[in-house]
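Next comes just one chain, in C-alpha cells: the form predicted on its own.
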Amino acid sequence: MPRVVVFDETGGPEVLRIVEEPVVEPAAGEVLVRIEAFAVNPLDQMVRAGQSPRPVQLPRARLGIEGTGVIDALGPGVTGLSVGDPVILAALPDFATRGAYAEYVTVSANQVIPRPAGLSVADAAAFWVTYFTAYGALVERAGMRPGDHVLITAASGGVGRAAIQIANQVGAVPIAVTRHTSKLQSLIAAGAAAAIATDREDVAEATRRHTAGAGADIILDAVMGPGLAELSLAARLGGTLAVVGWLDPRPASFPANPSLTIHRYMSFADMADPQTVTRVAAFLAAGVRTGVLRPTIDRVFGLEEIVEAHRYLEKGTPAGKIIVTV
C-alpha cells in the first residue's frame, strides 16, 4: 500500500513516522494525485510541534500544504483535467487529513493547477506557496508598480527570494535585508538591486541611502517581533508595510511610522478565491516561461528521511526551500 507520513502526538521531528494506508478513490469533483515531491514549510513545523493556528485531530494526523505530482484518477464530473497531467497542489486547507506528505493524495479538482512547463519536479514542489505569498502581498495588496523600491526582510528565505524575482518581473527595485553579512553577495546574485546586512548597518539609514533619501515605497516583512518599529522607519512617508510571517515569535512593536498603510497578508484566504488563483497562476507561469521566476532549493531529502528534513528545518538556516522527493 502507499506510504503516508503521520504523527500521533505533537512534539519534535521524531514524532513523525511512515505508515501504509489505502488510496482514497476520488469522489465527485475530486482527483487522485500521485505525489512526486513536496515542500517542508514552517507551518508544518508549527503543526507538528503543537503550535497549530487551529486544532489538529490526533492520532494519524498528516502534514503538507503543497506538492507536485501527476493525476492518477478522476472522480465523476471532473472536466479540464486528464489522467497523466502534471499538476501542482494549490495550498491545502485540509492538510491535517489530506496532507501532501504521502505517495498519493485525493483532493478537490479545484485544488490543483497545471504544472508550468520548464519546472523540474523539485522546482514545482517549491513553487506555489512562496511565490503566491510574495505576489499576493506585493501586487494584490500593496499594489507594487514598476519603479517602486521594495524592502524585503528575511530575503534569504523562500518567500524573500520569490519576492526579489517577482519585483524584478514587475520592474520594481528589490532591496534585500539579511541578518548576516556573509549572505550579501548571494542576495545580489539572486537579483537584489542592493542588500543590507543588519549585523553591520542600520536598516533605515541604509534604505534611505539606496533610495536617494526617500525610503522604501513598500516593505515586505516576514519577521515581525520587536524590531518592527525600527523597520517601519525605512519606509517613505505614505508607504506600505505588508506583513507575511512571524519568524520572530516575540510580541511585535508598534510601527513608528504613523503614515504607513499596513496589510497583514494571509495567502490562504486568497488561495480560496478561484479568480485570484487564476490570476496568480497566469502571472507565475509567465515568469517561468521567460526565465525570471525560478525557485531556490536549499536541500532535497527522500521520503524515508522526513525526520531529518524536519530537523534541518528546525536549524533555521535554509537558503531556499526544503524538498522531499517521493
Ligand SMILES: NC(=O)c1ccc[n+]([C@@H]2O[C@H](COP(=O)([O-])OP(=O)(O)OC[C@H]3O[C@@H](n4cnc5c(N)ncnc54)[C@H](OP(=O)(O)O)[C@@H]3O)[C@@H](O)[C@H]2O)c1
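What you see is a predicted model; the values in this text were computed from it and never measured. Residues carry their position along the shown sequence, with the first being 1.
Keep in mind the form predicted together with the ligand is missing from the figure; the text below concerns it.
Comment: 122 to 130 is the region of 122 to 130, 232 to 240, 89 to 97, 209 to 217 lying near the ligand in the predicted complex, near meaning a non-hydrogen atom within 4.5 Å. Taken together, P2, I71 and Y104 are entirely out of contact with the ligand in the predicted complex: none brings a heavy atom within 4.5 Å. Taking the partner from elsewhere, Y265 is found to have a heavy atom lying within 4.5 Å of the ligand in the predicted complex. The ligand is not shown here, and in the predicted complex it never comes within 4.5 Å of any heavy atom of G136. When contacts are judged by a 4.5 Å heavy atom cut-off, Q111 does not count as touching the ligand in the predicted complex. The shortest heavy atom separation between R145 and the ligand in the predicted complex exceeds 4.5 Å. In summary, among the residues L228, V159, I175, A172, the only one with a non-hydrogen atom within 4.5 Å of the ligand in the predicted complex is V159. Checked against the ligand in the predicted complex, the candidates A154, A195, V203, A190 yield a single residue with a heavy atom inside 4.5 Å, and that residue is A154.
Contacts to the ligand in the predicted complex (heavy atom within 4.5 Å) from stretch 6 to 37: none.
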